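Only one chain is included here, represented as structure tokens and corresponding to the form predicted on its own.
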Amino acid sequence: MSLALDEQQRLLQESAESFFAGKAPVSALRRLRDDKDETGFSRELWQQMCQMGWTGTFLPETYGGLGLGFKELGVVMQASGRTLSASPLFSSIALGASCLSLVGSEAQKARLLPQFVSGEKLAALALQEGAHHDPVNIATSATREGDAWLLSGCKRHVADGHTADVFMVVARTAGSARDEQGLSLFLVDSGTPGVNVERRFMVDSRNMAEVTFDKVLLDADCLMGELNGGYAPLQVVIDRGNAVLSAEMLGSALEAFERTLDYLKQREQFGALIGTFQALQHRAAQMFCELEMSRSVVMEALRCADESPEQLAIASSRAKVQMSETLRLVTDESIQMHGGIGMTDEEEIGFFLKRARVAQQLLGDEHYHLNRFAGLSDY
């Protein structure tokens, strides 16, 4: 099947790129950072994105969605990556709404998904507990308390957790740390007694949170999906998330590359444009080749999320490895080719490098996914 965008998807891409370029340029991220905005993103901009329908791309029309797919969400995320736009699209929709749509009960989905689509409420996936991505290293526990559950533990690096209204929490209900069996998923309102959220400012001017659950009492209907059977659907959510995140990374890499090409055509040294230097031309050619290969790999991961779920795991890890390596190459070279000015805060190219370093770590870096890819390929 072709990995090229169809006419509808190309129109969506043009619309999204125009939207982010006009309303959420890199300078908007700079203002959010400098002002230490309390949310870390523009609520007004978020409502406009909701009205465009982007928050419901892959969700059924029953819940206010468009009934399209993750490929369409990836198209929007790629456009947002070009301007480093800060929004809850990844945290609340690609992870939170995806998780709920996959394992939630009909009552849970009917109650919350329309609110996620409209932007009335925001979601966040509370997964990571250590310094690095490790979805089986879960010590947060949920124990029976009569007909209810008692949740205790701490989650780190929860994307946009400081603004979340609802957490999808991965907790251990059986077994011991590092067991795949015994993991369950719970819906937890952020205002529930015992939930404490501390905001963390990241180097890329985005936000994470550390969320502590101190003997949080949950109703029985807060359980999502099968008891002790949360690991398999969690992996699907992570794989979908990495496919979409790779699309954002692709957008950032393409923008950084194009900005660098423009700079090579303008900057003069020794009486000549530096773009005429053969060594720099060779380095630019390498970036171009890597970007073209990355484009295909990312599109394949998004296609698998929609059409071939049995191939999603390996396609998602392949995309994350490829994009992590490509984005590192492009951002490193962009800084080098811009020279000293590239390291200054006044020059926007540095924002792309900072976002790259955080995105590479989200949901597992290239080393984690290279090892996973090898295992899935029976190496």
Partner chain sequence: MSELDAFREEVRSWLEENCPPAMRTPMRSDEDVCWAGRQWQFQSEDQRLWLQRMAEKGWTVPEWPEKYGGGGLSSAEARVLQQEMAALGCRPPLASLGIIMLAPAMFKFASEEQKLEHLPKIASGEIRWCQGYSEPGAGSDLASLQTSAIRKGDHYVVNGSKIWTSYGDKADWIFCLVRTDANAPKRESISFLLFDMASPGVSTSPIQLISGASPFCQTFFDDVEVPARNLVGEVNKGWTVAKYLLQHERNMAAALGRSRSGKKKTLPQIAVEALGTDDAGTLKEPVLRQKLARFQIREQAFTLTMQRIGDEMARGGDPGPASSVLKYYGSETNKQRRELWLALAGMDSLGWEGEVFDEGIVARSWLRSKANSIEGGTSEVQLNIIAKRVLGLPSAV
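Residue numbers count along the first chain shown, from 1. What you see is a predicted model, and the numbers here were worked out from it, not measured in a lab.
The discussion below concerns the form predicted together with its partner chain, not included here.
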- Query: Would Leu264, Arg295 and Glu300 all count as contacting its partner chain in the model of the complex, using a 4.5 Å heavy atom cut-off?
  - Reply: yes
- Task: Look up in the model of the complex whether Glu325 has a non-hydrogen atom within 4.5 angstroms of its partner chain, and give yes or no.
- Result: yes
- Message: Since only the chain is shown here, I'm wondering whether Phe201 would be in contact with its partner chain in the model of the complex (any heavy atom pair within 4.5 Å).
- Response: no
- Taking heavy atoms and a 4.5 Å cut-off, does Val321 contact its partner chain in the model of the complex? yes
- Query: Could you tell me if Tyr231 has a non-hydrogen atom within 4.5 Å of its partner chain in the model of the complex?
  - Reply: no
- Just one stretch in 172-180, 212-220, 88-96, 253-261 has heavy atoms within 4.5 Å of its partner chain in the model of the complex, so which one is it? 253-261
- Message: Under a 4.5 angstroms heavy atom criterion, identify the one residue in Asn137, Gln269, Thr276, Ser308 near its partner chain in the model of the complex.
- Response: Thr276
- Query: Looking at its partner chain in the model of the complex, which residues in 351-379 have at least one heavy atom within 4.5 Å of it?
  - Reply: Leu370, Asn371, Phe373, Ala374, Gly375, Ser377, Asp378, Tyr379
